[in-house]
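Given as structure tokens, the chain that follows is alone and in the form predicted on its own.
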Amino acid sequence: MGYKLTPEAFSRIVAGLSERYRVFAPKRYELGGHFSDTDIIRYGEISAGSEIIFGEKSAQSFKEALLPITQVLFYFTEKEMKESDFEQKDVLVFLRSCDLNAVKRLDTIYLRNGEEDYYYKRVRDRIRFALIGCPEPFESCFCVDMGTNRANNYDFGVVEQDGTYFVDCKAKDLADLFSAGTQEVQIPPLFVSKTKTRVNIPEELDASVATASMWEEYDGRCINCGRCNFSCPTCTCYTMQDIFYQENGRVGERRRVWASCMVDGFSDVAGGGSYRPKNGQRMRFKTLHKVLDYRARFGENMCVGCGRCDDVCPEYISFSRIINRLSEAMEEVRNADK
């Protein structure tokens, strides 16, 4: 059973939560869109339930709440080093099931792929999740085929219907917030079971698909802007920057900054070489990392089917379409070997 709340009651609860947590949710930024005089939905800190956008998909993922775009790791002088200050207030993030599954991928990379990442873990240990229910899928979503349309590891889930909020609370320490003065009801489904966009990863997919001709198409189509990476909830690559305060280079700070396998310079090495100078090679690397390499190591696809990369690409390159072309590409490779 769950709880039925009015907009006023839900907003009061979120306001109460914001006193205990830094609350992040998809919110509207007026005139902040990618085109003139347009709004954008992206994640930001909120203090009232009325700020949360339920009926539109965010252009960016929740990831900034866990991994800031630019993060100072430590400060240094000639003789000493000081760790950057850490926000001690716990974090609560409102996110959909695909993104909640993405958290599992981030945990795998940062906590179980070798040594634990200290800077990730200190935030991860203090974060809680509120699931945003999806009564209907968005146009570009393909979470069902990726197996990420359902999630269970949330503290409470919220479905908004016609201005009424239905809450499924799992966390015992939060139950009093929702039960006080609210009506107990059967809540609507939190998860979708069918999407408009469908994908099919061929069972026979292997590394030989890297030799298919389809990747050459993206040498001309892709402009290596990296928007697909930066909107993706499971991309984890970063680079390091040392910022010096004085010309002698003895005082400054070290920052961790998001990086992208699709942009120039990411695969450059000493001596002026580059492992993937062409955009098609980068597209191949990204695709196979999401649906082949990661699955071979960890037993599931890295891509969670949120469809944001399809939404934000300025060249209208569809990642779901790329996935669906892999069967044809494997057939080409097999025929070439005959």
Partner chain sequence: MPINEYAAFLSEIKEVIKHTDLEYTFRMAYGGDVLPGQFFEVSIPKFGEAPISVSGIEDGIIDLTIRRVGKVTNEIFERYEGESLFMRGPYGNGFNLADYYGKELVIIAGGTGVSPVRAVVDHFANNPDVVKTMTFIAGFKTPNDILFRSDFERWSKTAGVTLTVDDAKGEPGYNIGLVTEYIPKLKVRDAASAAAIVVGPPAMMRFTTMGLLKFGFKEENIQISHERRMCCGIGKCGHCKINDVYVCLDGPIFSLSKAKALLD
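This structure is a prediction, so every number in the text was calculated from the model and none was measured. Positions refer to the first chain, counted from 1.
What comes next is about the form predicted in complex with the partner chain, which is not displayed.
Checklist entry - Which residue among F129, F178, Y218, Y110 has a heavy atom within 4.5 angstroms of the partner chain in the predicted complex? => result Contact with the partner chain in the predicted complex is made by Y110 alone.
Item to check | Interface residue in the predicted complex among K194, K89, R122, K170, criterion: non-hydrogen atom within 4.5 angstroms of the partner chain | outcome: None of the others qualify; the residue that does is R122.
Checklist entry - For the chain shown here without its partner, which stretch in 141 to 149, 96 to 104, 254 to 262, 154 to 162 has non-hydrogen atoms within 4.5 angstroms of the partner chain in the predicted complex? => result Among the candidates, contact is made by 254 to 262.
Checklist entry - Can E78 be called a contact residue for the partner chain in the predicted complex at 4.5 Å between heavy atoms? => result Flag for E78 set to yes.
Next on the checklist: When the contact criterion is heavy atoms within 4.5 Å, does S267 count as touching the partner chain in the predicted complex?
Outcome noted: The answer is yes: S267 has a heavy atom within 4.5 Å of the partner chain.
Next on the checklist: T236 versus the partner chain, in the predicted complex: is there a non-hydrogen atom within 4.5 Å?
Outcome noted: Although the partner chain is absent here, T236 would touch it in the predicted complex, with heavy atoms inside 4.5 Å.
Next on the checklist: How about D293 - does it come within 4.5 Å of the partner chain in the predicted complex, if we only consider non-hydrogen atoms?
Outcome noted: It does: once the partner chain is placed as it appears in the predicted complex, D293 has a heavy atom within 4.5 Å of it.
Checklist entry - Within 217 to 251, which residues have a heavy atom closer than or equal to 4.5 Å from the partner chain in the predicted complex? => result Counting only heavy atoms within 4.5 Å of the partner chain in the predicted complex, the contacting residues of 217 to 251 are T236, C237, Y238, T239, M240, D242, I243, F244, G249, R250, V251.
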